[in-house]
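There is one chain below, alone, in structure tokens, taken in the form predicted on its own.
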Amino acid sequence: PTGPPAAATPRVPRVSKATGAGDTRDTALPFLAAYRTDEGQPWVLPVVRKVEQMIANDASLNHEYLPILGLPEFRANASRIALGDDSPAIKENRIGSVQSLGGTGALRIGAEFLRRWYNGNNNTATPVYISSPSWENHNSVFVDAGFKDIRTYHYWDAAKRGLDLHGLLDDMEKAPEFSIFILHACAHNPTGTDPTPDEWKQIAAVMKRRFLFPFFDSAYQGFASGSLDKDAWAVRYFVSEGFELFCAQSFSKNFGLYNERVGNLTVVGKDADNVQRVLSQMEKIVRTTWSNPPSQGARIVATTLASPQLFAEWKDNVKTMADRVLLMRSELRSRLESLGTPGTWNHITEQIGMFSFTGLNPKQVEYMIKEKHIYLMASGRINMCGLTTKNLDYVAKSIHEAVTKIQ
């Protein structure tokens, strides 16, 4: 047979009315970082449909090349929602940005710049710290950019199913000065566990004292909590504390523009001249990487963010997605607790974003796959969008069985 394996495709389980057991049709809690509706289908945001029609009907638009750094109105508005309207960096004209091919492209351009120019003109030996665990592409991007010393920092505490703040801060204290730290702005992938504002303040204090460079990855702004401001809190706090930093933004999730590859790299520097020098070098990197970026997705985002009416509509659309994920978290926890499933399940609702570390061990996951035909990662990670009102009971009962029968 051709095509992807069954586990890679989100499907709704068909449950036998007689036994409650799944039949030959498998159930997948999808690994792919993509939103699905309660029917298990992709969702095109209504505001995106509207703006696409506006663009299609605009006879003034053409297909000329964009500038190398991208569509100016897209770059400006993307950085604005990351940093906030009242950002001191924006007011002091010490920010810049680069339109990129998704969040991955933003990470790669930032990594290429840091390897070349971060501290001198050859930084291959500069340590780059990535959380343990993290999105697997973080490691690959920085290795391919030429960094030779990729390290991990403590993040996930499996015993308490939450953040290992002590281990994280200790790793930062011991990191060589000027090391680069990749930070998830919100909805940590894959654990779904974020620091609280107070914990972010502790992290920032250590990073400032140790001269560590923050490189934020913001893939889920608005999508995580339903609030753009809440999900950007950490980035904005670091800026208010005087950090120079990079922030890679993706608009795949919060606009549903997965195949348009819309990303932005926001640069916050110490002054306007410094930022312009950085952008000049980034322009050279872009020129030999993708030359200049595509326009369609950037126009959709720029048009939406620039219009107060469309912006309000978009925020409502994003909240619709966020609220569904939050509801699935609440319902799954409620069902597990009602069943008396051994252990604590508050971490399901304390985590945020698309992914959740359920706490299931590899043997329990194996049971879920072989006996219940529910497919998830060996780590116990699931994509909450794979849960629907139709399969919640079946999934919860299956988790209950796995935890009860398999230690």
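The numbering used is simple: start at 1 and walk along the sequence shown. Source: prediction; values computed, not measured.
Below, we turn to the form predicted together with a small molecule, even though it does not appear here.
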Among 213 to 221, 162 to 170, 333 to 341, 143 to 151, the stretch whose residues bring a heavy atom within 4.5 Å of the small molecule in the predicted bound form is 213 to 221
- Look at the candidate spot formed by 103, 189 and 252 and say whether the small molecule comes within 4.5 Å of a heavy atom in all three of them in the predicted bound form. yes
- Message: Since only the chain is shown here, I'm wondering whether residue 115 would be in contact with the small molecule in the predicted bound form (any heavy atom pair within 4.5 Å).
- Response: no
I'd like to know whether residue 368 contacts the small molecule in the predicted bound form, with contact meaning heavy atoms within 4.5 angstroms. no
>> If we define contact as a non-hydrogen atom of the residue within 4.5 angstroms of the partner, is residue 261 a contact of the small molecule in the predicted bound form?
In response: yes
(message) Taking the small molecule as it sits in the predicted bound form, is residue 299 near enough to touch it, meaning that at least one heavy atom pair lies within 4.5 angstroms?
(response) no
Of 33, 348, 376, 48, the only residue with a heavy atom within 4.5 Å of the small molecule in the predicted bound form is 33
From 238, 129, 135, 155: within 4.5 Å of the small molecule in the predicted bound form by heavy atoms is 135
